[in-house]
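In the block that follows, a single chain appears as structure tokens, in the form predicted alone.
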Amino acid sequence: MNSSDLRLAVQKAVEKAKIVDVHTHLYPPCCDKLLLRGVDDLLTYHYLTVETLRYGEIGPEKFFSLSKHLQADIIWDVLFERRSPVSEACRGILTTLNSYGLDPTSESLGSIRQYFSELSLDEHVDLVLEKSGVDTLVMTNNPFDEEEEPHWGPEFISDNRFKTALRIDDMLNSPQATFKKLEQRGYKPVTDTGGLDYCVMRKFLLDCANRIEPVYLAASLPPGFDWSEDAIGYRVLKNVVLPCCEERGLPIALMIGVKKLINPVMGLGGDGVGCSPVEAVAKLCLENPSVKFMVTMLARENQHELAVTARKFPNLTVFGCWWFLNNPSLVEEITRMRVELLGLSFIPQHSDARVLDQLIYKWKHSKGIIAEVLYDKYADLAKTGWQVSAEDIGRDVEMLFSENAKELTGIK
């Protein structure tokens, strides 16, 4: 296979690849208003909100007091009409609109809004999944979310495209407050003598799992999470969460490194990033060989050590370029390094989408970068005399975009 044929084979395989998106914040259509979608939700997502507020033309307090419609008007004016939309978040808007056949250089924001208003919820979901290539996505499902949890009936898990993940952040990051919530629900996690009843907490998690049938448990942890044996959060992880994972055969996804609200006035856009102890992940993998760990870290500085650690532990799968790392230059750097260290034994990307339409641009942009990395690696193989066929490439691409995730989570 010559160079041009090789590039074409890789591009075709990646373009037609069906995706298992292992981490999103989306909801099935039955949740209706909880599922963010359309141009106003795209524009007012916190990536673009903080970018707009950086220019200082309006203060955060005044901005957040406005309706979503007016916020979107301001963002469109500041970032798209009076400046070139060169950031990745802005380019994502343009890629998404173009995929619908909308031309933001000639159409008004009003006409774009009109297009989305004419899509029914079911039509919109079907269209986005088709355009993005996402076959299956995994949600983020918090049992303590008072808006979401009432939807946890049969219809919630009836759409096979939307898989659940049981989010247990609260139990690890703010256990004392969580204990009070458990008591309100009829569980007694603290004994009369002041000790912790791990069995009661495990029952709560297993009861939740029976309701929504998650494909993994998940937690987002700060870089300063206390991994010491006497820390309550770590004890809950060790004695409650990991035994539940082992009992149900479920992986646990750890997303590590977010500093919450370093600037509270920015709202959801006020979070930051910090380096995290990779050795803590190694310790978990070593002490729990029968538990499968999915780990992504937010700091660029953690990526090499995390990949090296994954080489040593078959029960550790590195996944995605999370949040602040989901920028083209970093996705390329990190994916290239992971291929060189881990071969095909990782999950290169997840969308982390909170707005339905974000699936389109996040996967289109990532697929283009991953295809270039794979082409370079196959070209390197060719220089050694090892030739790959189109079938080989298709097999490898399928592993990266869906099969590794399916094998790890049990998704059919």
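For every residue, the number given is its place in the sequence shown, counted from 1. As the structure is a prediction and not an experimental result, all values here were calculated from the model.
Just so you know, the form predicted in complex with ligand RAT exists too; it's not on screen, but the next bit is about it.
Engineer: Check each of 47, 375, 27, 363 and return the one that places a heavy atom within 4.5 angstroms of ligand RAT in the predicted complex.
Structural biologist: Comparing distances to ligand RAT in the predicted complex, the residue within 4.5 Å is 47.
Engineer: Quick one: from 220, 136, 303, 142, grab the residue that has a heavy atom within 4.5 Å of ligand RAT in the predicted complex.
Structural biologist: That would be 220.
Engineer: Any idea which of 5-13, 400-408, 385-393, 18-26 reaches within 4.5 Å of ligand RAT in the predicted complex, heavy atoms considered?
Structural biologist: Heavy atoms within 4.5 Å of ligand RAT in the predicted complex occur in 18-26.
Engineer: Taking 4.5 angstroms as the cut-off for heavy atoms, does residue 167 touch ligand RAT in the predicted complex?
Structural biologist: Looking in the predicted complex, residue contacts with ligand RAT include residue 167, since a heavy atom lies within 4.5 Å.
Engineer: Consider residue 322 of the chain shown here, and say whether it contacts ligand RAT in the predicted complex, taking contact as heavy atoms within 4.5 Å.
Structural biologist: Flag for residue 322 set to yes.
Engineer: Quick one: is residue 51 in contact with ligand RAT in the predicted complex, heavy atoms, 4.5 Å cut-off?
Structural biologist: No, residue 51 sits far enough from ligand RAT in the predicted complex that none of its heavy atoms falls within 4.5 Å.
Engineer: Decide whether residue 41 counts as a contact residue for ligand RAT in the predicted complex under a heavy atom distance cut-off of 4.5 Å.
Structural biologist: Residue 41: no, not in contact with ligand RAT in the predicted complex.
Engineer: If you apply a 4.5 angstroms heavy atom cut-off, which residues in 337-369 are near ligand RAT in the predicted complex?
Structural biologist: Heavy-atom contacts within 4.5 Å come from 352, 354.
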